[in-house]
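Heads up, the chain below is alone and in the form predicted alone; it's given as structure tokens.
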């Protein structure tokens, strides 16, 4: 007999939580994908997916129905908005709402951080996060002295054309609130559809690495790496100063029911072990530990190749959360972190896009033979966003391979 949505959701959630708790579930959990493929599969443009919430919700429902992963990552499109979270980190009712900046929100802000299809990009292009340099090196002291005030009063008016005068800013914040309301209404509809299709609620908030705030939103990635050599003490003090507002806004999600917090890393791959341990890890570690102490398990996305820094994860408490790897060898990571951290990843996006169903089945069979024993593993694509050209038959082949080889 077919399972009810409630039964299916309960089964999927138990599977995921067992892996997070370093146990062997009934079957290896398969994390979902989202991104450009969702719009392409529904036959709408990326512009429509980003700007028409009704069409986006229908596209997401179709994708979730036809590709039954254990979790659904097919959500509304938004890009990193953490600089806005920092600016409002003293307001728990506002800060979490700005974790993602959608296309309509981008239009309202007139920001220079993002490019969206149908605006700065072709209507079928992938939304892009640009970041940028909006702070001068001699302003580190102002950032250190008052990180929230400096971001809100100096950085955002520079980065957003519709915040560059007080009068424009007043109207912009009102309009942004209206757009946030529309976004959360659409998100609520996705939640309803997800429940009807048997997807479990996965209560996840957001966090960030302090040095990534500086690199992504204030100084630019390349520039902050140079700053590490030019102004090492100021970079450290700035990262330390940002730790509290980042932790505060991340913890606000707890009061909204979150039990997990997604923390995407960006600069980790660019730093040698020496620089990572001196400028990046201490402040990220502080954020992770504070969340864990408050009952929130971080899901840290270790972007790029993180092999050189694997051992630092062992400094965290056993069962602290989920180590999600993009390009790091998960077989190696599982051996290093077995019994300590839930390991997530393992599916190269190149295989999913350019492989064949037969190659995907063979790869999954061989991988699971290595990583299944002992539990504590979630199978996931190296990145959660699949391009529009991803073959549908490969998606089905992935799901079928886990069904065939994933049971314990």
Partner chain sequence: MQEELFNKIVNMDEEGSIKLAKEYLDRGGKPQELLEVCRRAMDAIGEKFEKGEYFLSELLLGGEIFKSIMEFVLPLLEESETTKLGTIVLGTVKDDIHSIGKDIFKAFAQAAGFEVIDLGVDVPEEKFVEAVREHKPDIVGMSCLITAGISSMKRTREALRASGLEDIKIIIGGGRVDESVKQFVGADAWSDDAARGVRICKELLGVEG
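Numbering follows the first chain given and starts at 1. The structure presented is a predicted model; accordingly, all values stated were derived computationally and were not measured.
Beyond the structure shown, there is the form predicted in complex with the partner chain, which is absent from this document and is the topic of what follows.
- None of the heavy atoms of residue 21 is located within 4.5 Å of the partner chain in the predicted complex.
- The partner chain is not shown here, and in the predicted complex it never comes within 4.5 Å of any heavy atom of residue 340.
- Among residues of the shown chain, residue 272 is one whose heavy atoms approach the partner chain to within 4.5 Å in the predicted complex.
- In the predicted complex, at least one heavy atom of residue 389 sits within 4.5 Å of a heavy atom of the partner chain.
- Checked against the partner chain in the predicted complex, the candidates 348, 68, 373, 357 yield a single residue with a heavy atom inside 4.5 Å, and that residue is 348.
- When the partner chain is considered in the predicted complex, only one residue from 317, 188, 222, 257 comes within 4.5 Å through any heavy atom, namely 222.
- The partner is not drawn, yet in the predicted complex one stretch among 120 to 128, 98 to 106, 237 to 245, 279 to 287 has residues with heavy atoms inside 4.5 Å of the partner chain: 120 to 128.
- Annotated contacts: 229, 305 and 383 all touch the partner chain in the predicted complex [non-hydrogen atom within 4.5 angstroms].
- In the predicted complex, the residues of 310 to 340 lying within 4.5 Å of the partner chain by at least one heavy atom are, in order, 326, 327.
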